[in-house]
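Let's start with one chain on its own, the form predicted alone, as structure tokens.
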């Protein structure tokens, strides 16, 4: 994979290719075939579709009940109420909640890139399938583009909330989703990188403070807001709005912000909402159960 956004834009322009072509070329060098790569992506997308719709009409029951029923309530509101953000975005948030609930109940999800941020990509994909009815190749190309964006994040920073805060988890998932959106909607390579940059900029400094160390609360809300972040960032990039700072430099900045965070705000379950009275009470109950 190329090292900087500038290199990616230049190479893609010179060769008339897309970011997903670069990712596929890299995989081919490792001995994979394009057919196998695309078949694998189809399987991943199918799991994401399942997790993002599983709880729209039913409620999971988890031990602490921190996020139970959020998906169904939000989906019902999207379809029967008058959501301020409109039915499409409200349904997208419901789908993010659904995967978070499936994850919390130990169901089958795809960690893209992590379990704590696993609701964002599925919610984005299911929502655009509903809205645009993209064919399989378009979905694959969008997804593979998101892999390329993830590879850059992994190269310069981290996906781990324990290292970089939630900006690294939900931020990365949102940036990956935004890049996939721009690719699927026919944006340029440069717009794809702008969308990813804008998405990360929107969450720079976002702490990771899971109550009792469980990636349920407040993580589920950040999955819902993360998919909306992806949509608005993609729209801004497609409208021609640009990030002055190139994507690779945004990722480096994200890594530096993460390194400067207090450990209490990096997935230790000690600070932020995890350090609140309620958060600490749930943590004590959780630890007692483990004794």
Partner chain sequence: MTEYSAFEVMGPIMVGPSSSHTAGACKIANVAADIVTEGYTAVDFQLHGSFAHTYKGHGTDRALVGGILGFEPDDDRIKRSFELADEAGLSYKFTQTNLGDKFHPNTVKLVFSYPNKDDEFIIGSSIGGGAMKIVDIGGIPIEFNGEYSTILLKYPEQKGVISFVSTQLSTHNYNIESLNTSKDKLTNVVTLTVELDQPLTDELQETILNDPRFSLAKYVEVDHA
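Positions refer to the first chain, counted from 1. On a predicted model such as this, the values are computed, not experimentally measured, just so you know.
The discussion below concerns the form predicted together with the partner chain, not included here.
Exercise for the section: Find out whether any non-hydrogen atom of residue 27 is located within 4.5 angstroms of the partner chain in the predicted complex, and reply yes or no. Expected result: Flag for residue 27 set to yes.
Practice task
Find out whether any non-hydrogen atom of residue 60 is located within 4.5 angstroms of the partner chain in the predicted complex, and reply yes or no.
Solution key: Yes - in the predicted complex, heavy atoms of residue 60 and the partner chain come within 4.5 Å of each other.
Problem - 4.5 Å heavy atom contact, residue 253 and the partner chain in the predicted complex - result: Contact with the partner chain, no.
Exercise for the section: Using the partner position in the predicted complex, report whether residue 40 sits within 4.5 Å of the partner chain, counting heavy atoms only. Expected result: Answer yes; at least one heavy atom of residue 40 falls within 4.5 Å of the partner chain in the predicted complex.
Exercise for the section: Using heavy atoms only and a 4.5 Å cut-off, determine which of 203, 189, 215, 198 is in contact with the partner chain in the predicted complex. Expected result: The residue in contact is 215.
Handout entry: Contact residue in the predicted complex, chosen from 182, 128, 78, 109 - any heavy atom within 4.5 Å of the partner chain
Key = Only one option qualifies, and that one is 109.
Exercise for the section: Spot the stretch among 138-146, 82-90, 68-76, 189-197 with residues whose non-hydrogen atoms come within 4.5 Å of the partner chain in the predicted complex. Expected result: Only one stretch passes the 4.5 Å heavy-atom test: 138-146.
Problem - Heavy atom of each of 44, 105 and 121 within 4.5 Å of the partner chain in the predicted complex - result: Yes, each of 44, 105 and 121 comes within 4.5 Å of the partner chain in the predicted complex.
Handout entry: Residues within 4.5 Å of the partner chain in the predicted complex, restricted to 145-168 and counted by heavy atom
Key = Stretch hits, in order: 146, 147, 150, 151, 154, 155, 156, 159.
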